[in-house]
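Heads up, what comes next is one protein chain in two forms, each shown on its own as structure tokens, labelled structure 1 and structure 2.
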Structure 1
Amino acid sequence: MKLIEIAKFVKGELVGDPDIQISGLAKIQSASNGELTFLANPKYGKYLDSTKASAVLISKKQQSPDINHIRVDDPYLSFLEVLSLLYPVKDPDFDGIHTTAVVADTADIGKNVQIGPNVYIGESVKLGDNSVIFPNCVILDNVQIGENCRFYSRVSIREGCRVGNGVIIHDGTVVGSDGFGFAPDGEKYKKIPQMGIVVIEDDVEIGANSTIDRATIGETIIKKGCKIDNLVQIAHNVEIDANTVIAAQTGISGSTKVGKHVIIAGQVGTVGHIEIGDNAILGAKSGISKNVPAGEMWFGYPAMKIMKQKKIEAYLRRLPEMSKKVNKLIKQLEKLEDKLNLIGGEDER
């Protein structure tokens, strides 16, 4: 595309040659002639003078560089828009319902649905218009799926679960597996029936090989706009409110409630039956053992408010030095005690 066309698409202000042809996108440090790049993080500003890109997206607050550029409110978001424009999502290489798919007679399949090879769709499933089901997916009885959904290979949706519109689920994820419920029965454990379902609302995206357990009774709920990374475990009866983001290898224990716009970094683990308030941030590898108030940033194991945790870590790093000082003080005290004991003995004589 011509640079002027891209500028119009992102509603930006073009400074430079409008007729330059852009054939690809690249990082600022590795871009070459014919490519568009962006500068959002100031630490990459050092590459601005040396980049070989034909043009760059920059913030309206940024000083004009000596290169063709488009000034926008948010260079990163504008770059993502251009990325979607130049590299649209690839259509599947199958059309309609593949001959090897098994679709129950009672399933209600919408318009323009694409169902790939070896897919199984059970009784009374409802599948909305324009949805795409890639090969080897399993959708069991009474599942309801909205419009414009996209399930990649080997996704499993267990019986009775409900999925909204515009949901993307990546390879190998399981929605509606049994919750981890067992009751002690003498020397053995007795399985607690998991009779609930999972509800996933509109515009949710779930990464590869994640698991979302069905509720024991009632619903495990993932609300509108949540984004969940790969290898995330969400246990039974968890409720995650709208537009929360969860990074890889996080585990959320049963009956935990997570608020709106929460950011949960990688490898966070929570105990069950706690509440995490709206707009909270949980740092990577944190162990969350109690309620987190709204708007607070917690970090560590066990997790606490981040500034308190940083102070503790600062003291921990100084422990070897402090240990030497303490040992030195102990020796000085011992010498002082010896002198005092000696003086006391002489007074008695």
Structure 2
Amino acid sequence: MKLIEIAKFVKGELVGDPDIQISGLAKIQSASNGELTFLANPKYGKYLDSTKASAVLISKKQQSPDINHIRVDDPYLSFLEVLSLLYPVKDPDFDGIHTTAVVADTADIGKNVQIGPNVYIGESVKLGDNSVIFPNCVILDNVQIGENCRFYSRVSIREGCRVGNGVIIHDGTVVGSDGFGFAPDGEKYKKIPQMGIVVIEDDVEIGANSTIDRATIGETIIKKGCKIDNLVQIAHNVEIDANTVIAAQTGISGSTKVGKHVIIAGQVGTVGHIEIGDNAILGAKSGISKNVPAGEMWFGYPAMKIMKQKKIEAYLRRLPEMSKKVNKLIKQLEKLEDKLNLIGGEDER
């Protein structure tokens, strides 16, 4: 692709040779001849002079470098757009439904679908047009899956769950496993049947080896546009509202409601039956034991508002010093008492 074509595609201003051929993309410090790179973070500015890239995407606010460049509003976003253009995600070719896939006769399979080797699709499953199911996935009876979905290898969807359009699920993730519910029965526990389902709305993405449990009754629900990372646990009857982001190894306990556009960092845990308000932010490894109001940023274990937590942490670091102060005070006070007794001894008489 010529540099001028890329400039047009990202609606940027080209400075330099419009006819140069761009054959690939790379980071500024490792780019070579024929490649396009970008400068977004100022700390990488030092590489501008030495980069071997043939052209660079830079911010309109930036001074012009000596090499070919395209001036844009946001160099990183433009770079990603070119990336998606040059390396489109390729659909696999499993000959439509692979001969080794086991698909129930009652399944309703859409047009232009790819179903990989050793996939199992149960009775009355609905699979929408243009969806791709990689090898060794297991989709049980009565599951409904929308259009343009992509399930990577070895995904499980348990019976009756519903998945919207444009949903991406990565390898090994389990949707609809039984919620963890047991009623005490003397020393033993009795299983509480988990009769509900999981509903995943449009444009959700879920990472690898995560687990999303079905509801006891009703639905565990992940709303439109949520993005969930690897090894995340979502318990039964949890509700996660639209466009919330959850990083790896976080766990949300049963019946907790998470608002819209919340950001939850990695390894966070919440107790059950609480509410996390819209636009809240939960810091990494936080242990959330109560409701978090909308828009607040919480952190710590047990978690509290981050300003409060940071303040306490600062005092904590100065605890050895404070202890010294107190011990010094005790000594000074003793001395003072002795002195006072010496001067005004009359009280003791």
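If you're wondering where the values come from, they're calculated on a predicted model, not measured in any experiment. For residue numbers, the reference is structure 1: its sequence is counted from 1. Here the rigid core means the biggest group of C-alpha atoms that line up within 1.5 Å when the two forms are laid on top of each other.
Q: Which number, 1 or 2, marks the form predicted together with another copy of the chain?
A: Here the form predicted together with another copy of the chain corresponds to structure 2.
Q: Would you pull out the angle in degrees that the smaller rigid body rotates by relative to the larger one between structure 1 and structure 2?
A: Spelled out, the smaller domain pivots 8 degrees relative to the larger domain.
Q: Core superposed, what is the CA shift for Asp338 between structure 1 and structure 2, in angstrom?
A: For Asp338, the alpha-carbon shift amounts to 5.1 Å.
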